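Form predicted on its own, single chain, as structure tokens, below.
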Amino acid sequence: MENSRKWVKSFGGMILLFLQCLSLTFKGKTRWKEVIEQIFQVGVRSLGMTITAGLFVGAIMALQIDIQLKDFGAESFLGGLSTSTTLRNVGPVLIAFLLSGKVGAYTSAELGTMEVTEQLNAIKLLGADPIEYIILPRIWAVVISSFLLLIVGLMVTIFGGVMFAEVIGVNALSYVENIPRIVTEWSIVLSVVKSFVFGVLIAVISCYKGYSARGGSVGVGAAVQSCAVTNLMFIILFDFLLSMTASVFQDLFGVGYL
């Protein structure tokens, strides 16, 4: 029962933090110079990891799908099926997992350290709002960084699939030509929507967990651990909800998003 109350309180706190940041943004109080600095801190430094992960995700998807297609003599569909699966589901989720561990952990640990060392309280004593000066730039930096890194990662996964296709004996040109036959614009739209939603989740959860950290260095460690677990849970949950919504949308309006 106690754990349930803590979970509800945490969930409510994340929603309130997100709404407060939206309100400040609409009032024009976003400090974009600081946002750009934070994008470099949490985004640019994660680019190498994202590209490396994307290449291997694309190669893994091509390998696993090729194994299944061989049984039916349908290897010519490898490019379309691998790219479609990567764009709609596997790519955004796996890369979001990696970014939640890299970007999310960094952000929650940084804010948690600032909280337990009384830096945020010092800002309050100076008559400033720590959410406006500290949290808001990091929220937008993580949202933008995660979204852009997810998009880059998805593009690289396609390239990784093309490169690995040659290794397993599938002509790269045939692989690429088959992509437009199966992948529609709705696959791309769904992928972009998921990337943006996952970026928002990582940003809000990471900033809230760090901001609400208590209890010294032990509390910071607990905040980072809670951040990682919560990010993974919400990414999976929203992946299911978005996929289900897309499926219902397809049934209602006859829109194909394979």
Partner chain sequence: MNYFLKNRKFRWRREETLEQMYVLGVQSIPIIVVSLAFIGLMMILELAFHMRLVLKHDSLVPAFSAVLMVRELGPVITCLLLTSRIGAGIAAEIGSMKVTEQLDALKLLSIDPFDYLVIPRWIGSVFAALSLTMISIAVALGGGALLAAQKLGTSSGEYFNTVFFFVKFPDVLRCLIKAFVFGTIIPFIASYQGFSCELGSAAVGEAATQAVVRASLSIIIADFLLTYLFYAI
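Predicted, not measured: the structure shown is a model, and the values here were computed from it. Numbering follows the first chain given and starts at 1.
Keep in mind that the form predicted together with its partner chain is not shown, yet the notes after this line are about it.
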Would you mind picking the one in 152, 163, 98, 144 that has a heavy atom within 4.5 Å of its partner chain in the predicted bound form?
98
Does at least one non-hydrogen atom of residue 69 fall within 4.5 angstroms of its partner chain in the predicted bound form?
yes
Partner proximity in the predicted bound form: residue 56 to its partner chain, non-hydrogen atom cutoff 4.5 Å
yes
Although the partner isn't part of this model, could you tell me whether residue 243 comes within 4.5 Å of its partner chain in the predicted bound form, counting any heavy atom of the residue?
yes
Any of the heavy atoms of residue 232 lying within 4.5 Å of its partner chain in the predicted bound form?
yes
Looking at its partner chain in the predicted bound form, do all three of 49, 85 and 224 come within 4.5 Å of it through at least one heavy atom?
yes
Determine the residues of 228 to 251 with a heavy atom within 4.5 Å of its partner chain in the predicted bound form and present them in sequence order; the list may be empty.
228, 229, 232, 233, 236, 237, 239, 240, 243, 244, 247, 250, 251
